[in-house]
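Given next, in structure tokens, is a single chain: the form predicted on its own.
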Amino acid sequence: MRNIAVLGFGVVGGGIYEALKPCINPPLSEVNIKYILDLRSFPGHPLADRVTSDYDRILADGSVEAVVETMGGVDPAYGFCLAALKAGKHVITSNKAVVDAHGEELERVAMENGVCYLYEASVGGGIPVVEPMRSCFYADTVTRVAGILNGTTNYILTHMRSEGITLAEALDVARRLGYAERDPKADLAGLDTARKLAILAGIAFGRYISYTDIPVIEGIEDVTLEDIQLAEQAGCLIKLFAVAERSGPDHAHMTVAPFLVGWHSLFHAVHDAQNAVCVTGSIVGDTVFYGSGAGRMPTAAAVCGDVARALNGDYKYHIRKKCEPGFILPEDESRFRKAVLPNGKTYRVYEK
């Protein structure tokens, strides 16, 4: 058996157990969840006897090859990940906040200790986009990463339009269906999208980028039903969009904001909680990754894929530079065409 520990047994942590149960593909068919780190108990659960609140016990157990972190938030998750890597254990995470804040250090420590730090599930839920970007563009130069990276806001905007309801009403529906957190501020303000864009742009441009480096981060809080209806009359949908684009070898532009998306764009057809990412290479052109961008099982599936890569030794170390001052340029007002709706609201327009 191949032993792992799961830190946090909530939505994603519990999903990992569900995803592993039916798996017949090695090495996942050989994986044993030996420990679950959680302050809660889970009476009646088949793994109730694996739950512990003593992390040192996990670190000291040499049979545990990998630690899977699904806790969310920066602390204490960051400290747990760092300690596991220093103990010679692979770390797999779905936690975009830790990847954004401490990814540079954690990847370096992983390399120093001969293990890996993998985070496919931190962007796009079940969509395989992080590993393809890390592995499949060596002969190419990524010039642009753009897309819809937040399922919660896409669901809200979709249902505001289709049902003729306000943002607050659509948010209530999203909460009931489990698409929105109890506190949805990070989603609505564009911060979740910005963290994901920073991770993808960092891989694309060979630098460690934080979402705090992005000069424009706007959410959907001010999008009204009237805006959506007027946009539709003009043949457009409003989508929370993320764009990172090279401007020569040593500069890039990055923006997160609501955009008008015309019917000719493939993103016009991305509805509900789905995500879509377009990665543009200088040779291959546009490649599109589309699918379930959130949810218990899609995210758990992405985590389990990283577990398999770690246990198989099927990973590479990627050397990136720090994001030097001036690499990310201030927003150029001429970069995006803007359109004024009949009610006076101005939106950027996504042309592709």
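Quick note: we count residues from 1 along the sequence shown, nothing fancier. Take the two forms, find the largest set of C-alpha atoms that superpose within 1.5 Å, and that set is the rigid core. As the structure is a computational prediction, the values presented were derived from the model and not from experiment.
Beyond the structure shown, there is the form predicted in complex with ligand HSE, which is absent from this document and is the topic of what follows.
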key: Of 151, 103, 219, 202, the one that lies within 4.5 Å of ligand HSE in the predicted bound form (heavy atoms)   = 151
task = Tell me, yes or no, whether residue 172 is in contact with ligand HSE in the predicted bound form, where a contact means a heavy atom of each within 4.5 Å.
result = no
task = Evaluate residue 323 for contact with ligand HSE in the predicted bound form, applying a 4.5 angstroms cut-off between non-hydrogen atoms, and reply yes or no.
result = no
Partner contact for residue 96 in the predicted bound form: ligand HSE, 4.5 angstroms, heavy atom = yes
inquiry  = Please determine whether residue 120 contacts ligand HSE in the predicted bound form, using a 4.5 Å cut-off between heavy atoms.
reply    = no
inquiry  = Taking 4.5 angstroms as the heavy atom distance cut-off, pick the stretch from 304-312, 57-65, 290-298, 33-41 that is near ligand HSE in the predicted bound form.
reply    = 290-298
request  = Can you tell me which bits of 172-203 touch ligand HSE in the predicted bound form, meaning any heavy atom within 4.5 Å?
outcome  = 179, 180, 181, 187, 192, 196
message = If I superpose the two forms on their rigid core, does the C-alpha of residue 174 end up displaced by 2 Å or more between the shown form and the other one?
response = yes
